[in-house]
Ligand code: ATP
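Only one chain is given next, in structure tokens, and it is the form predicted on its own.
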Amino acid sequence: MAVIALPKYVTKVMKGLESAGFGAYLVGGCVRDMIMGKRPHDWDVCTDALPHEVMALFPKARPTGLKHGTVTVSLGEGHVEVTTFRTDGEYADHRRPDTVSFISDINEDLRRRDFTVNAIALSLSGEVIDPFDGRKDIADRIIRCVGNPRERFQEDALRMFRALRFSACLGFAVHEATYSAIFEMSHLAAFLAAERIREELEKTLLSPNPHILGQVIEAGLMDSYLAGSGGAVPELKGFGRLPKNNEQRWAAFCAILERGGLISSSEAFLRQLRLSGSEIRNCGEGASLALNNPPADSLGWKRLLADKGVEIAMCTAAAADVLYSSGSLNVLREVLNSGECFSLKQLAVTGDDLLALGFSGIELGETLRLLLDYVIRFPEENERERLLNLATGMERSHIY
């Protein structure tokens, strides 16, 4: 295991538990990341201390999942999620256990976890508890359920999305039995909240291997959101060339789905998945514009920027790149980096300037738009005196 120094606040929490006579182990993703030589972003500790005992030891601790034994301990520069060893009862909703029982055996606690790579515990002294050979699966780059995968997915259907998301993020293969169980149990995805599905899809979209979303579709995990694919899975390999920007990748994903007939409306699809209003607008319109004659040159991109703004233009370019390998993002970046005018804010004259010339109302707004279009075509003409003279000529000729 790679030697990674723990943050002081994590060490304090674990020593505090041990000093009070309790066990304390790092567990889950932070242990997996350390084994892989990565610096964890989040730190989770499991213990035989009951939640009220943890809160008594750490006055600034707060209950964040008391029903499931989780307390958040904040110390100085960071926080640690501390959870009591437990076993889970029935999962009536295929997402959360109806009841939990607190226990003192860490091996039993690890048995309830999703994947072997996340079912490894590590003490401050360096003791590793790995009853399901998670270290071997990390070495072999495999995602495998703890125990029977059908039972794990029956308990929590989100684990099917998580298996493929871990595959995409870590570059691991999903074990054959686990993969087969995803196909067999995919109907349980219908029980999941759209917000939870969206989070997993977005993490996969932003991963180094977003094409894994093809497996998500193929397995039937998105059947509640997609029209029948007829067995055809869209080609998603082009996503790896896009920036890791959530709106741009959502726009490209929607464009691919809409072109393949898997969705009829990008905006409706994104609304189902509970994206924000601005994301729905930017991604949905970007996908639609990319599917319907996107700009072919810098002039076209400047006009789109003027009409729709930077966010929608970026989404359009990203979707066009995936659809047509068009190089649109590069062209658009060149336009943005050129400093050339594409918005009224960049125009060398303002509404006040035109008011002083006698323009008002509709005529003023229309003249500004005409001047902007002129400057978009002739960027070198974006000079105050030149545009004021041009506006005077427009006013005299009543061309609005």
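This one's a predicted model, so the numbers in the text were calculated from it and none came from an experiment. Numbers follow the displayed sequence, beginning with 1.
One more form of this protein exists, namely the form predicted together with the named molecule; it is left out here, but the text below deals with it.
Within 4.5 Å of the named molecule in the model of the complex, a heavy atom is found for every one of 41, 118 and 165. Exactly one of the stretches 260-268, 126-134, 107-115, 325-333 approaches the named molecule in the model of the complex with heavy atoms within 4.5 Å, and it is 107-115. With a 4.5 Å cutoff on heavy atoms, residue 29 counts as touching the named molecule in the model of the complex. Residue contact check for residue 79: none of its heavy atoms lie within 4.5 Å of the named molecule in the model of the complex. Not displayed here, the named molecule is kept clear of residue 279 by more than 4.5 Å at the level of heavy atoms in the model of the complex.
Within 4.5 Å of some heavy atom of the named molecule in the model of the complex lies at least one heavy atom of residue 95. Interface residue among 285, 202, 156, 247 relative to the named molecule in the model of the complex, by the heavy atom within 4.5 Å criterion: 156.
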